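What follows is one chain in structure tokens, specifically the form predicted alone.
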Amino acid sequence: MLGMGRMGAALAGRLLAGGHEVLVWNRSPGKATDVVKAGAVEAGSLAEAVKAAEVVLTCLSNDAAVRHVALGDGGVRGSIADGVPYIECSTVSPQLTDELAGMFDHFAAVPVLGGPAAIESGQATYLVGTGPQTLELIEPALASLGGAVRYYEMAGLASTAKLTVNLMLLSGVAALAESFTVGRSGGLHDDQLRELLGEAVAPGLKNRFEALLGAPAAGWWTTVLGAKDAGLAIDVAEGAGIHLQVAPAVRQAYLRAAEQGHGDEDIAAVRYLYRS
């Protein structure tokens, strides 16, 4: 398991719970402590981790990080043994996903719907884009991860599916923050907003409802990553010659929140844009 952010650590934990021996590695040291305490072994280098693996997984922050780890010197491509499948779980562009699929004998794009808590509880959904031969090879790992699985016949489609969902959630969080602002501006107090909108929001927004009202947000999807994901979604549409209307404003909202000092905070920090 390469990448020990909260998502990567949660994935490693599920694999450990499934009885697998798990080697972990992270670009910056000190991130794997809890996973190692749970039974994982921290490799001294990326190449060391990959050469010993029967399945390689990555979960990283963006296209640049994935490209470096997958294709850079001492990376996955130069270290993985013949026949070993490579599972890429990051939220990245479909273009990069398809590029990687053409460079590895057994490649699967497996972006995740749901945060670390959903992974840990077996409630996440895995968007699996690969061919039947690779799918057979990775089924034991998928079974250990638990949760639901949606299959796509091409790797890039799985990445497109992840961006499709992420844009909807990002747009919803920004819209809910603005709805709260409208209500407050017109004199509604927070309990009235809870009663009015609490049953109306989509399930994916419920876990950020209180954070958008001002409660502390202990989330994992930062405003920087939100802006990145919205930008990738825009790129997909523009690649088909379509100019989105709402997504650029959504992306700009998360960029502004990050620029105002909330870049490492959960996407619910978009609420700070509406302080009077």
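Being a predicted model, the structure only gives us computed values, none of them experimental. Numbering starts at 1 and runs along the sequence shown.
Separately, the form predicted in complex with a small molecule exists; it is not shown, and the next lines address it.
- For the three marked residues, 68, 90 and 116, a heavy atom of each sits within 4.5 Å of the small molecule in the model of the complex.
- Comment: 52 to 60 is the region of 209 to 217, 52 to 60, 34 to 42, 245 to 253 lying near the small molecule in the model of the complex, near meaning a non-hydrogen atom within 4.5 Å.
- Looking at residue 236, you'd find every heavy atom of it more than 4.5 angstroms from the small molecule in the model of the complex.
- Although the partner is absent here, residue 227 lies well away from the small molecule in the model of the complex, with no heavy atom inside 4.5 Å.
- Among heavy atoms of residue 112, some come within 4.5 Å of the small molecule in the model of the complex.
- In the model of the complex, the small molecule lies within 4.5 Å of some heavy atom of residue 7.
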